[in-house]
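Below: one protein chain in two forms, given as structure tokens, structure 1 then structure 2.
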Structure 1
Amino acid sequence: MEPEEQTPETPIEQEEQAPQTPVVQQEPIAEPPVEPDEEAPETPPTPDSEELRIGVFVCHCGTNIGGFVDVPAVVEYVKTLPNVAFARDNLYTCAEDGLTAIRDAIKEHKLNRVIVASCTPRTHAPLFQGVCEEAGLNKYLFEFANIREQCSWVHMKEKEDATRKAKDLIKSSVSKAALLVPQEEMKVDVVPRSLVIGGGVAGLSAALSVARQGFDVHLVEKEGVLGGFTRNLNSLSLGDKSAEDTIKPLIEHVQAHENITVHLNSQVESVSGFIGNFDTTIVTNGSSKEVKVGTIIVATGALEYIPEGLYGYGMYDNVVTLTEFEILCKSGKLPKIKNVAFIQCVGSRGQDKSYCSRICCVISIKNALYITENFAEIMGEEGAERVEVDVSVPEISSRRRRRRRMVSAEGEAAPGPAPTGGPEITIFNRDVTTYGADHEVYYNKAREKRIRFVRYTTDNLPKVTQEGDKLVVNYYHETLKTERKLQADMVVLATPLIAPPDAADLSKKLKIPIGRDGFFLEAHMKLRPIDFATDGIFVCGTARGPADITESVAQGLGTASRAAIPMARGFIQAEAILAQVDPEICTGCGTCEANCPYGAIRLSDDGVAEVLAAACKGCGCCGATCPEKAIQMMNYTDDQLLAQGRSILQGAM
């Protein structure tokens, strides 16, 4: 009876088969509840007094569950559980016939609670909840039992134990389902206006796209100009124009758009409220302005890591970072150089920061090619006067420092007689990360142009010293297994992008998390890469981690469309997993207020705690500490959790 050929063995295959139905790809709770289908009939709340009629649908998931759990035996067992009015198995519950079976059974057997025992609620709860709603059952009367990821797939050699566990898990869900109550999702109006923080390419693209969709935008940039980090750059990888010319049209469109108000030299001072209704204060040169917005896009970018003390940086004049190198090129102040060494992964991948900054390999190659392609120009310039080069990157006031450099054919920085022949460029690397097809071609081009790639390992880091007036890179040749020396006129260090120091401040103001590496942390790495867990706030560009301009712009456009969803709809429905205060028990001690990470619970004027439904994320932190136990979490009440725990302790037969 088991159709082997159509039985997917891996979740990937299964995912491909299942969606004959509109599978909701987002996460269950994760998805800000803005897209439930409007045609769904209003759910009649189930009266408390009504007799409990629980329906349980146990899924084979092909052989994914059925192969390791005795599903028919589980179904027979489930039928004996209290309040279970109906139980059956399905080959694929998420396929159209499986969903129809749920719909039909709800009507036919007058089910008022539904449990699906199958995969994981993290991916499939919205689908089944939707089916319940179609059949007129409030979606909060649905409960999941995870018998695939947390049972059949992890106990593949113990069918008996796995079967017993599946029974237990369903029993636990049945005991919770008996205590579920229908919930109304609250409708909250959304202000059709966005706040975009940061005027780099990501923020600019986001602002323009939101504005073009017809919404107002307030763009806040802390510097006096738009353009962000890209303003420091000389050329762009894979681009034929200078960095400045490339982004110029974007800046102009933003400045010209009637829906966009640009606030330069400005900062967001405070933010309160929640999706649809954020109250923000923008401070410009000491004077502040209140702006009410519905959504917020964070595009505050990143800075370059300063490799103080690494590879002679700060010690020798001609050891510079990639950004400094680009500024020198851009301002035409590059000394005459023939031998150039790039060192990759400086301060990244474990040297200080743990991560790989992704884009620096391509950037080094870009600059190496720039030298090669403009060599005549670079070497041709005459003149031996001293120039002052201000290589401070405008964003980083703390690192402003001035360097003096000899620009001279005979000078210190570019010593020796005017060289003949082409440049000698070496890129010292640990691995070359030129991801993507175009960048791979770029890498090949560099090889064609005779740029040398020399590998080093962390056991043998290259050392930069000065011998006489020349920079020397001492390195260990991995293939030849010998120590070698390379003379260089300039050493360029590829350092990672790092989160700006004030990101932590913004994190507190907006109540958005920062990940381990200091960048803003998205709600879900795979499924919600540009959302924050806090509804209505989105992130794009290098604020969320190293990215090039193409990626930053794509993310910027992405956030614009994410932000537009609730604004176009005009209202949001707040997920009803909320804290609920019993005003009779609450003594107004304020402990909950001190615990809520979202400012979603506060003491009202009459000294009783009140929950701001649209802001509450349902974490339950307040409830677990309320000294009076005046708070319950809807859908995760103490009683429900205890009932689950108790039923587990009793165990299945």
Structure 2
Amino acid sequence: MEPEEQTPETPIEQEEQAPQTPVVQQEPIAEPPVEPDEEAPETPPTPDSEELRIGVFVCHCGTNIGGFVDVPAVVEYVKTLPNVAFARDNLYTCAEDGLTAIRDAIKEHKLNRVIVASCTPRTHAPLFQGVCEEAGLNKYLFEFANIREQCSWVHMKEKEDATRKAKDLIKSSVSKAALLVPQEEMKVDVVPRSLVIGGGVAGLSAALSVARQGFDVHLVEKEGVLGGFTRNLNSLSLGDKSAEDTIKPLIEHVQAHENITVHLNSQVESVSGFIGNFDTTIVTNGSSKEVKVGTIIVATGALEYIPEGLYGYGMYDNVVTLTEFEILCKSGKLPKIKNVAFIQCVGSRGQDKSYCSRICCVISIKNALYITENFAEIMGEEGAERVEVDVSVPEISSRRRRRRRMVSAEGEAAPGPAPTGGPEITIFNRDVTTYGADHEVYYNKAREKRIRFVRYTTDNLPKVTQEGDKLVVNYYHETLKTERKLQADMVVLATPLIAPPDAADLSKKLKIPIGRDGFFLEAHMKLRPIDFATDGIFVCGTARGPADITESVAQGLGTASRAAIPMARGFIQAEAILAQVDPEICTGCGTCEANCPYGAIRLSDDGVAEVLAAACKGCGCCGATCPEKAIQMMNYTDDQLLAQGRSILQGAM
């Protein structure tokens, strides 16, 4: 994994005026100069001034590589390659003894290039680069050969071919390493201020955490109040507090904190810049305000799916969604009901949306237990009767219309009263997803309360009809292999959370991706779950997918920690793997600017392309599309890549 930058013990003093960040214009240079105020490690001479001495370390990776590649034979072959001064194998190169071997070999054999042939560079390249720096070698004189994913794993049954391919991959890396030159990373100042988009539990948690670390925060909420989707909930699945009692102190702390500026009824109009220096425009009730920030946290939340036309929703008055049911409970307007049917996966898992909303099962169980534990209060002393219920929910979506519903609590209880004389609750499900030990205990508690769980399949979906003034759920019992009928006073539909309709617009403004389901897409599900590929922008809560309150708070705190790291340091060091423009060749056609996915290239006043080092990710889109061949990627120049290709072709001829 990429090592996290360490936060200094003394906080960076905040200034009233944000520091001015210069635009970085990359000049074609062979070796960037070292900052005068920073001590740079000794780097070996370039190939023009001294003989190349390349060290190669081949990893067994236990049996991941060694079980399918003849590693000793590969090492012996590597020793015969030009400019290779040292080669050896390691059982685990990423272990401490393997890292020590690299440090010692650099010093003992005076190595000025290092190649590690092992597993994926995404997780291990920063580790090996750091070891090279510790030994006094510039980190950009390191090259990685991936012989696990690209070799042993795809040739598990072809050991001879896997061994030959490993030799070729390392030979190509040696050819490229011979042309590597030292690079110097550039420093860019960071504005010690953060922008949080969204005022739900995730955004509130993130804003408060960043503010408590001593940084200014601008919290933008499009509604007129804070709290987000949680305002609609009656209770939480875990814990004794109600949803309102849980979120109210958090809102009060955010509103009272001196470092937080809350913008209600507001939206982010535009965003430009890069990590450390984002220029944003916030629009509040028609008036605009320019705010310069160093980091951005996206916590825009999610909405409830409206199942129009499914299971009688919108046709029968007493068919409601989970959120509508929560609002009825919270407002004290829940009618007198005895027979309740919950239907899971309404609109999700292929019915309309492809994904599982994860939290619906737990929420349905929570509400079923609420009915069971508060049954006497719900029924009152007069028994079941017809009542008028207002279930308009403007908090959920502007697409909803206000309507009056008549809910009948009379009717036949099927399949018969429980031994305790309590409510009859049935949860129709495709399968029950109660992830986590606490939620599984919750599920077992529901079964102890005689809440029935009836499984259905996509081939035999339940059907909701109305006979007279009573609801009827017709279903196929998978265990008994027979058609059954159940009368219910109320049918509650468990619908998924969906991305808000303005998510696509925000993704364009921030230049961040959204997935096929409409939620924001993180950089990596496991390695960078709350980061975007665009540095300095982070995501938390249901903006990245369905999540419960506990997860949303944890992610909010995580993004606060990630956002605070560059602000506390006061600067960021941009990787030297950047686009490099030759101003003598560039014609200023703008093709690179149009194709850069990170907005890292723009035309200067002189009409030639210039690169913003802090925003550039070294993806190569600009170089690949430049019609004049005026752009090279540092550390991935045309000469270096061609040298790799030629070495592979020589082996094939």
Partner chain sequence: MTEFEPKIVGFLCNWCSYAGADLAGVSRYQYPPEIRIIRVMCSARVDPMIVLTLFKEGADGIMIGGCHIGDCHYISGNYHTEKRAFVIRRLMEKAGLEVDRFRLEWISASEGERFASTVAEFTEKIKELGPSKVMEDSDLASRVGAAVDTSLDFRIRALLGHEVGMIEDGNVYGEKKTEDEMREIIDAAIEDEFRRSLILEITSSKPASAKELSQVTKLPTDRIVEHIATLRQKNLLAVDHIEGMTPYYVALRVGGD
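Along the sequence of structure 1, residues get numbers from 1 upward. Note that the coordinates shown come from a computational prediction; the quantities given were computed from them, not determined experimentally. Basically, rigid core = biggest C-alpha set you can superpose within 1.5 Å across the two forms.
Undergrad: Only one of structures 1 and 2 is the form predicted on its own; identify it.
TA: Here the form predicted on its own corresponds to structure 2.
Undergrad: Are Gly294 and Gly224 part of one rigid piece when the chain shifts between structure 1 and structure 2?
TA: Two-body split between structure 1 and structure 2; Gly294 with Gly224, same side.
Undergrad: Can you give me the rotation of the smaller rigid part relative to the larger one between structure 1 and structure 2, rounded to whole degrees?
TA: The smaller domain rotates by 10 degrees relative to the larger one between structure 1 and structure 2.
Undergrad: Glu96: how large is its C-alpha shift between structure 1 and structure 2, with the rigid core as the superposition reference, in Å?
TA: Looking at the C-alpha of Glu96 between structure 1 and structure 2, the offset is 2.7 Å.
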